[in-house]
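Given next are two forms of a protein chain, the same chain in both, each as structure tokens and marked structure 1 or structure 2.
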Structure 1
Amino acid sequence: MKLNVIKQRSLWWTVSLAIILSGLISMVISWTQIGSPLRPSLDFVGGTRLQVERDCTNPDNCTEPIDPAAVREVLAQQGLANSSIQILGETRQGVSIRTTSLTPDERVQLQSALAENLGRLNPQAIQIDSVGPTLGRQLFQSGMLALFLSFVGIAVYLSFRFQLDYAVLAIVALFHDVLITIGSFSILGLVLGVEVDSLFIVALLTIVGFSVNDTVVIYDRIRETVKLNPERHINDIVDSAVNQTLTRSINTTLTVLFTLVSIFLFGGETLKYFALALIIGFTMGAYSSIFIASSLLAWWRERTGKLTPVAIADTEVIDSPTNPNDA
């Protein structure tokens, strides 16, 4: 298999732009509908999620699935009519209710009202997630800050290990991966009502930390080849560097995807969308390293005339419209 990354770069750029654009459109639509580009979970906006299950040690308790209408009625009685309800489990004996932030007293009241209408609840299977609105904002802000800082940290490290333009372009590729992941979840939020929680920000950060690996490996190879063959054209160098590292990129992404798919399938509800975000992000990370980061670097070096960026000493060569080193 031999890829012609440079020749087809306009194709790859169009593909990426199209995906990013559809994500952005989804975010705009989402903004007009729910006032937020992604559907935020209570981690970020505050609220209470109460998940209860019927106690089925007494079989009479669990003869029929839980009726959402009955739950809705209970909620209406408690003045919580616009809460969301989700019936859970194979036998439909559990229910997850998402409401505005409840005080402990209000929540206890809701619990006892539910127990009264649905039958005895299993205290061992209860799940409560209650986040105050202020704390939710804090979680969101510190998450965003963490994301920003890791971008800066990686940019600084890469410009130290490589050169500034390598670093900038690697960050561009990272933005690409993060944007597509966010866009995908915006679409998922619109279509399936998928919410993003603090684990989503963790996923974004992990994508940032991991996806840059592929880019680094390719850049490493480009740098090495440039050093060995300073007279070769940058397009040629990039093409062969991508192809030389291609198997590695695919295999590494594959092994990570194996573990992620395993988490997605068996890891349970909490980790499911976390794994999905990572699957999307990592796949995009491999894609962008191969098709975007590399072709951008070739394009940039060609445009600025720095076709033979050999050693640090050469960086003081000022860009010139004609290329003095062209072989």
Structure 2
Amino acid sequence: MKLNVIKQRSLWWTVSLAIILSGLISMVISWTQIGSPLRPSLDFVGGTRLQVERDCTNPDNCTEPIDPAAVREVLAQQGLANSSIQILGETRQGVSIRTTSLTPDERVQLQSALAENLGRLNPQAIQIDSVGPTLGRQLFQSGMLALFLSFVGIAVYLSFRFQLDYAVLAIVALFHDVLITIGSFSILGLVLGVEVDSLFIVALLTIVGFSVNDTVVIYDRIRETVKLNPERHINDIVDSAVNQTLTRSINTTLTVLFTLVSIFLFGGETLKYFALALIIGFTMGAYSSIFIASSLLAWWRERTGKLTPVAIADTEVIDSPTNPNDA
């Protein structure tokens, strides 16, 4: 398979812009509905989350799915009308309720009211989480700071290893990956009520660290080709570099995705959306390295009149092999 990335770059850019725009529209809608571009979990906003399930060992207890209106009525009676409700499970016999911070007595009172209206609850399935608003803000601020510093560190590293425009365009590709991941979860938050927690920040940091790897490999190959064939046009060099590293990029990404899909399917609720964020981010990372970072570099060099990149004479030539089959 041989790709002609440069010739079709308008197509790749249009696809990326359409996906990013969809995510941005979703974030605007989410902001108007819940006051946040993503649906934040308890980790960030603080409060109490109570998750209960009916006890289905008694068949008469689970003949009908839980009615959200009935749950809402119970919450209104307890003075918690503004709480969020999510019905859980294929048979819809569980419910997750997020409220303001509750005292132990208030939690017991809410459980009793739910059991009285919904039927007997399974005591083994009751889960209660509570996070203060101050801790939630600190988690969010620390996560954003870590994300910012990771971008700065990568930009500085790539500037020294390659050139400034290489670093800037690699950061653009990373923003592309992060924006699409965030936009996807904004859509999931609106459609399925998926919340983002502190693990989502960890997923974004992992995506930033992983996605730049393929870009560095392609940039290395471009630099090597420039040194060996400085007379070649930048478009030809970029196309050649992408195709020489294409097999490596696909194989590396697929290997990781196999593991992540397994975690998504069998890793349980806690890791399910963490794995999904990585699946989206890593897939977009491979895509952006091949179609976005490389094509932007060729476009930028054409625009600035630098049709062949400036070889860094004093820099070590490359870490990767010359033979395309080894790429």
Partner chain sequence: MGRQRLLLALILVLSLAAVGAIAKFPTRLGLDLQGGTQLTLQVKTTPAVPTITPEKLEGVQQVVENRVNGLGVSEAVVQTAGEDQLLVQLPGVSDPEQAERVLGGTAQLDFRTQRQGTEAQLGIEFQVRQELLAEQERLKNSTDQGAITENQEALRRSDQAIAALFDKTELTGDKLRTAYAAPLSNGSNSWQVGLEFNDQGATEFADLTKSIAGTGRSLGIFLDERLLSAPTVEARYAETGITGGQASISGNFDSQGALDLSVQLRGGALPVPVEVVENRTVGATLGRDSIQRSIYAGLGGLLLVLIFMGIYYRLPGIIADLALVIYAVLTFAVFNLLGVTLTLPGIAGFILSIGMAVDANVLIFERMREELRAGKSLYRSVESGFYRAFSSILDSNVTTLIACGALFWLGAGLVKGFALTLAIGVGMSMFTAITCSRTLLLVALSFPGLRKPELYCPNLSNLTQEKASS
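If you superpose the two forms and keep the largest set of C-alpha atoms that fall within 1.5 Å, you have the rigid core. Only a predicted model underlies this, so the values are computations on that prediction, with no experimental measurement involved. All residue numbers here follow the sequence of structure 1, with the first residue given the number 1.
One of the two isolated chains is the form predicted in complex with the partner chain, namely structure 1. Once both forms are fitted on their rigid core, the CA atom of Gly119 lies 2 Å or more apart between structures 1 and 2. Taking the rigid core as fixed, one finds a CA shift for Ala70 of 2 Å or more between structures 1 and 2. After superposition on the rigid core, the Cα of Arg98 moves by 2 Å or more between structures 1 and 2. Taking the core as reference, the Cα of Gln51 moves 3.9 angstrom between structures 1 and 2.
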